[in-house]
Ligand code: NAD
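The chain below stands alone, shown as structure tokens; this is the form predicted on its own.
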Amino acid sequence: MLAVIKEAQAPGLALKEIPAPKPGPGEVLVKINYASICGTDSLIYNWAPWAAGRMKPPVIVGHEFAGEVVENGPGTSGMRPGTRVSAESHIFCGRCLQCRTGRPEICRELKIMGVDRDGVFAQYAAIPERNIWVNHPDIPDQIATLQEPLGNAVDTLLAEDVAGKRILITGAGPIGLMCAALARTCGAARVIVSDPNEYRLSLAEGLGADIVLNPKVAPLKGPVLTATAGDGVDVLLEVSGSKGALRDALPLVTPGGRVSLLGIFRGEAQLSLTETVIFKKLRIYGITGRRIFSTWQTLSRLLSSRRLDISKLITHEFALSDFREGFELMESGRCGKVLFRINTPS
């Protein structure tokens, strides 16, 4: 099979022809039809410090996909070949305190597909059956490929109810854009999106943002306070990982408001906790991964019911052999979600 592999401890990836895997005990073999590039994949492509400190090449990269079961390994339930599936990429141990108390997304022995073990930028992948999610028949493969990052957005937005709330989203990358679409679907009163990338701000407008702001053009404070009658926003979703965005946005949360942090920061992010958090009685949530599998159930219902439409988020598709073009496009920022067409669905 063909696979995109991190071969060496250096920037770049390689397309290789390698033997297709065989499913081991508790695994199913999946034919990958579509896969999408994640921010994590970009970090691996560029060999960022996080990737360099964690990965041990060679590893097939990628973890967001839609495909179909082709073979069952020993000890599995015997899923019907052709079953359309995606998967939770966080492989949990099932033994630690967090796993045994219903929080496997923060498992202490967590392994990630495409990082700690082979992933899905390949024609086939062997995946633990307990991580498999059977896709709803009304969700097409291209959209099903986005379910895992959508789960991040669901947990970021819905850490608390947002109906009637005024929301500021800092970061219009794919997950920030998903948050905007979700916020509109879930009844937010006003959705404000901030990002220095004009292309992605235009995508945000098409996905449900009422107001888009470029912090490089003007400070956020004036427009946000004007849009909220001077009160500030009820909810801040920080999905950019920008220290400057957090510094500028946190004072714009109204007293008693809520903050969800999903963006990954490089180094220390300093906060004035006394004035901006404690005296304002803010509630701060750290978000990682998705709740397994309750979040998947929520997003599947939203997508299959057509209540949530994120199709505009998909801006480009490439063949797996053109993976470099996909990654270079991601680096340019002039895209939403970039998909790889890998196999033809049965």
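One-based numbering along the sequence shown. These numbers come from a predicted model, not from an experiment.
Although not depicted, the form predicted together with the named molecule is the subject of the following passage.
A heavy atom within 4.5 Å of the named molecule in the predicted bound form is found for exactly one of Ile314, Leu29, Ile287, Ile284: Ile287. Interface residue among Val239, Ala122, Ala180, Leu157 relative to the named molecule in the predicted bound form, by the heavy atom within 4.5 Å criterion: Val239. Though the partner is left out of this view, Ile264 does reach within 4.5 Å of the named molecule in the predicted bound form, counting heavy atoms only. Using a 4.5 angstroms limit between non-hydrogen atoms, Ala172 touches the named molecule in the predicted bound form. Shown alone here, Asp195 lies within 4.5 Å of the named molecule in the predicted bound form, counting heavy atoms only.
In the predicted bound form, at least one heavy atom of Arg200 sits within 4.5 Å of the named molecule. Annotation: in the predicted bound form, residues Val4, Pro21 and Gly62 none come within 4.5 Å of the named molecule through any heavy atom. Note that among 52-60, 288-296, 304-312, 275-283, the stretch whose heavy atoms approach the named molecule to within 4.5 Å in the predicted bound form is 288-296.
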